[in-house]
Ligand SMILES: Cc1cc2nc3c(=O)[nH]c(=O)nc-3n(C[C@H](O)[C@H](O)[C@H](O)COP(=O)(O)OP(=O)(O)OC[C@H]3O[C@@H](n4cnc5c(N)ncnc54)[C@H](O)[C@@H]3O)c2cc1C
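Next up is one chain by itself, shown in structure tokens, the form predicted alone.
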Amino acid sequence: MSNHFDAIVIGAGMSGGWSVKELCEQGLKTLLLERGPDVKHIRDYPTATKNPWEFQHRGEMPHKIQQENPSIARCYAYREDNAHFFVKDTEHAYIQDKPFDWIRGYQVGGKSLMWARQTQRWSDFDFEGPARDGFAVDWPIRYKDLAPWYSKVEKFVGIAGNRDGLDILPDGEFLPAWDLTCVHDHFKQVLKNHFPGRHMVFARCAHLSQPQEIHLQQGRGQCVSRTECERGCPIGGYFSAYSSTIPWAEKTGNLTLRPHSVVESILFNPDDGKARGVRVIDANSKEVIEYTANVIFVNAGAINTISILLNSRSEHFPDGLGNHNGLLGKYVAFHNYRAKINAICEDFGDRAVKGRIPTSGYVPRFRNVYRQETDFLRGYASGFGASRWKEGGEPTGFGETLRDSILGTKPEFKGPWRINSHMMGATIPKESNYVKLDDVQVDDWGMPLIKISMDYDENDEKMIQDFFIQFTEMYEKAGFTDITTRDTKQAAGLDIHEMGGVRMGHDPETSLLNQWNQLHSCKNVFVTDGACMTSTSTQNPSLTYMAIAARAADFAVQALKKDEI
């Protein structure tokens, strides 16, 4: 194939899928590079329809494999039925200057196959946070800049949710939400009656509760709430780049997909001050190939995106492409998921769960929203789960016993309602949280090993304690009993929400990207994955990545037409 393209997109995951979709739809011949293997929707979901007894270890990972892969083994989603989609610790080594569990999915579609599918818009409380609270740098965009792109993404992806009318959690373009349980409704009413400004809503999720024409055109169907999503959904009931954006880009005839392509660096041309292309190492043969393009989108996942830019050294950029100010790889942040709280609800003993839903309840941020009211900055959101099973675990037994256990038709199989919440706290970007390249050690492709140093601070510790206090109070007011709190003490990384390192901003001296996600000092390179984030919010970030990628791709196309990049 020709080695020159109109555009190159590095990384075929959540944001890369949106970048390539927008570029191809607008007529650009685009090369999509993915370091892992190709994965096709339906064809490559080997465990999607297996029954529990068809797994040798009933879904659990063997102890030996857990010992060999301690970081990935700590991930909640890593199981026997989807282990083939995760990068093992032994497959792409990295250096932990501080403990960090790096969860990765190297294949076409990236982690969009295994994600938790939570999709909340950010609000101006999030984009204005750094300027208001005096940390990081000011975002160069606000909610109004992303609002139309949120809408575009939501309509194409398919988001189930309710219009809740909350300024902290802007409404979107929603498909019908599922019903939550009676306990969710009870807790929601308790918050309304006793805790002004606090809310419990249906957690918006990327599932087709009622497919529209645009989803049928993608070949996707209605979600049937199997809740086996991390195996891959043959129906396409939830959004993934495999089942949606990448096939859509392929239909334009403008996409060239090259898997097994490890991007070594981006090539800079000092004559015109632009990137001229990328250098790729074939993951299998180790052959080195160069591809050229007019515009390059970097969507390799925050940490890999940083490493590619750091490794893109030249006489003009000796410390990495665009790194004129020494900030590349610094001010990386994540979400604090350490705090958990559980309880028992003795009420509603005449009711039980029937069927499944693909999400839970969600408590949006309520701390430090309109004013600074605590001794820590920012705040936290939380999930809210309520379920009812047989005492001691999920349904068990044989014959009539199993039937009654599943249906909950006899009191002895009902047990109490079990309540759980987990904190999703915003961490403050700090210079001491960084991603670097090692000076000596290299990986299997001859590239410097990535060094990661991220940790919690006093702000995070104070937030955890506040979460325990506030949710204990709310649980007690709801009449819940046996309330227990737990700090998992987990290392950063298991949130799988690493953000920053190539942050956006107004000033080229304090940021790497402008308001359109262009490198300040190399205008035809765009970064539109988690690396571009200036700060974190309390919401899940994937929807924001997709909206930012779509917005930047549209800008890039228009700028190319005007010969401005």
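Heads up: residue numbers just count along the shown sequence, starting at 1. Just so it is clear, the model here is predicted, and its values are computed rather than measured.
This next part talks about the form predicted in complex with the ligand, which is not shown.
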Picking from R231, H324, K111, K430, the single residue whose non-hydrogen atoms come within 4.5 angstroms of the ligand in the predicted complex is K111
Which residue among V332, L309, V153, A300 has a heavy atom within 4.5 angstroms of the ligand in the predicted complex?
A300
Taking heavy atoms and a 4.5 Å cut-off, does T536 contact the ligand in the predicted complex?
no
Any of the heavy atoms of Y434 lying within 4.5 Å of the ligand in the predicted complex?
no
Taking heavy atoms and a 4.5 Å cut-off, does G500 contact the ligand in the predicted complex?
no
Can any non-hydrogen atom of F268 be found within 4.5 angstroms of the ligand in the predicted complex?
no
Per-stretch contact check against the ligand in the predicted complex, the hit in 342 to 350, 143 to 151, 301 to 309, 180 to 188 (non-hydrogen atom, 4.5 angstroms):
301 to 309
In the predicted complex, which residues of 252 to 273 put a heavy atom within 4.5 Å of the ligand?
S261, V262, V263
